[in-house]
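Read the single chain below, which is given as structure tokens and is the form predicted alone.
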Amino acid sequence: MANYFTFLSIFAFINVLVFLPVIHGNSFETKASQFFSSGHTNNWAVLVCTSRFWFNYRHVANVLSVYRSVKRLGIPDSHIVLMLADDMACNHRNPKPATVFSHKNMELNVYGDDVEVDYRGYEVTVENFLRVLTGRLPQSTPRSKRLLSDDRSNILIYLTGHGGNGFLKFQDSEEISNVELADAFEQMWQKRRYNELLFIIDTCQGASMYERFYSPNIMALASSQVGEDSLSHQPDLAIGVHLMDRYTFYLLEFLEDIHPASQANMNDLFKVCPKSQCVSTPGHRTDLFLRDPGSVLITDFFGSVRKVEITREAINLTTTAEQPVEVTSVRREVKSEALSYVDQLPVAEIIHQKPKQKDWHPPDGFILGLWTLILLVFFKTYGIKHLKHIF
């Protein structure tokens, strides 16, 4: 019996020695195959603010915040189509010209110094938006105003503005319906203008805009369900308007923790701004998407394709897909620190700062109440007969 157990122990030890390198090699082979079998080769973003007028300041801040995030994660301006229905940075009511802020502490200027607006003012129309998506633009249209995507492109489409059940308003003068939007996406698919598409909309009853989608490989998110309003956030009394919408505010907060090598996936994005924070109920739709959302990285849409992998291992790659990837471990005696990406601008800390004293403003009705108190004290002390000495 003792010899039997000794034999089993030796047999188990031999199996560990034989199969452990195989498992180790397979793990590297799996990572390498996943890395080099990416379904897309380029990224594009179409970011649209559909609202005009000063009281819609927050919608411009919404889209500029997303614009800043995708640029930080690697999508260049040449692959971003930015549509702003109004120029809040140059509005005469703006107390700080050439700036747009997304937080009341006025620390982060999302307008920046290098913003490139492709469609502005009255150029932001339903017709131009649909033409950009479908590629049906005049020959004289410059490349900066075109969506030059192909069947290997992952596209992020972000819309913000005022909407209702099944429509989104443009410029308070026209609207696009969910049927028109769904048909435009179908044209894009038929013309092989995208590989995968992520649609995000921050507007009232936003979920109604993706109900009619029927094209494959589309994932959609909305800030509110049908019958719900999408609420504003960050009121600023000096400007007199709200600075952002709630959903995009927490979306920006989430994106600030994402870096080009981040492993966060779409399931993490679905958890952004729960009802306890948004008041409305964010929604998402994934039935048209072919991949599991848990396997889709945030950077597949918000970042740019970067064929870079930080590793200490030497990987021999073959030319054909049928041949396995051979992995050879390189042993080094010298210990070195783990490699990582440099930290980005600490916006996560900035947006949680308390407003400075110079940015403090009295609450609503404070000045009126103060003058009322002064007049009451005056009348109580001197009476109405001394009122003539004032005027």
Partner chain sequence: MGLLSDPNRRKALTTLLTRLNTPICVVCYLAGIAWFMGLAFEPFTLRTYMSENAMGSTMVEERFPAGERALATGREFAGHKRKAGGMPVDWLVKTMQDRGLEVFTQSFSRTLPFPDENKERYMVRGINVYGILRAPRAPRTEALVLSAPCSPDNSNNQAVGLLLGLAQYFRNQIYWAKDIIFLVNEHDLIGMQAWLEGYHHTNISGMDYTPLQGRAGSIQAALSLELSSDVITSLDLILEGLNGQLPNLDLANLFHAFCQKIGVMCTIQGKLQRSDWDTAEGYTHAVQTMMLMVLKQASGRPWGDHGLFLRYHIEAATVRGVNSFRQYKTDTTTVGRLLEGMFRKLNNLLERLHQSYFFYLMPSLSRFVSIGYYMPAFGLLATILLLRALDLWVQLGTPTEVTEDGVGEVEPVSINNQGSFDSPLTHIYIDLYSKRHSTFQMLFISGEGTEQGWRVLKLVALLYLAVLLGCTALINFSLGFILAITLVPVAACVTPHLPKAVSALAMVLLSPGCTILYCVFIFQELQEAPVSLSEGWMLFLSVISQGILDHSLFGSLVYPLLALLVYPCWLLLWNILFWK
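None of the values given here were measured: they were computed from a predicted structure. Numbering follows the first chain given and starts at 1.
Same protein, other form: the form predicted in complex with the partner chain, not shown, and the subject of what follows.
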item	value
Of H242, H103, R246, R193, the one that lies within 4.5 Å of the partner chain in the predicted bound form (heavy atoms)	H242
One residue of G227, P216, G294, P95 in contact with the partner chain, assessed in the predicted bound form (non-hydrogen atom, 4.5 angstroms)	P95
Contact flag, L137 vs the partner chain in the predicted bound form, heavy atom cut 4.5 Å	no
Exercise: L290 in contact with the partner chain in the predicted bound form, heavy atom 4.5 Å	no
Contact test in the predicted bound form: N91 vs the partner chain, heavy atoms, 4.5 Å	yes
Close approach of L108 to the partner chain in the predicted bound form, 4.5 Å, heavy atom	no
Proximity to the partner chain in the predicted bound form (heavy atom, within 4.5 Å), stretch among 232 to 240, 263 to 271, 296 to 304, 150 to 158	232 to 240
The partner chain in the predicted bound form - contacting residues of 187 to 216, heavy atom within 4.5 Å	none
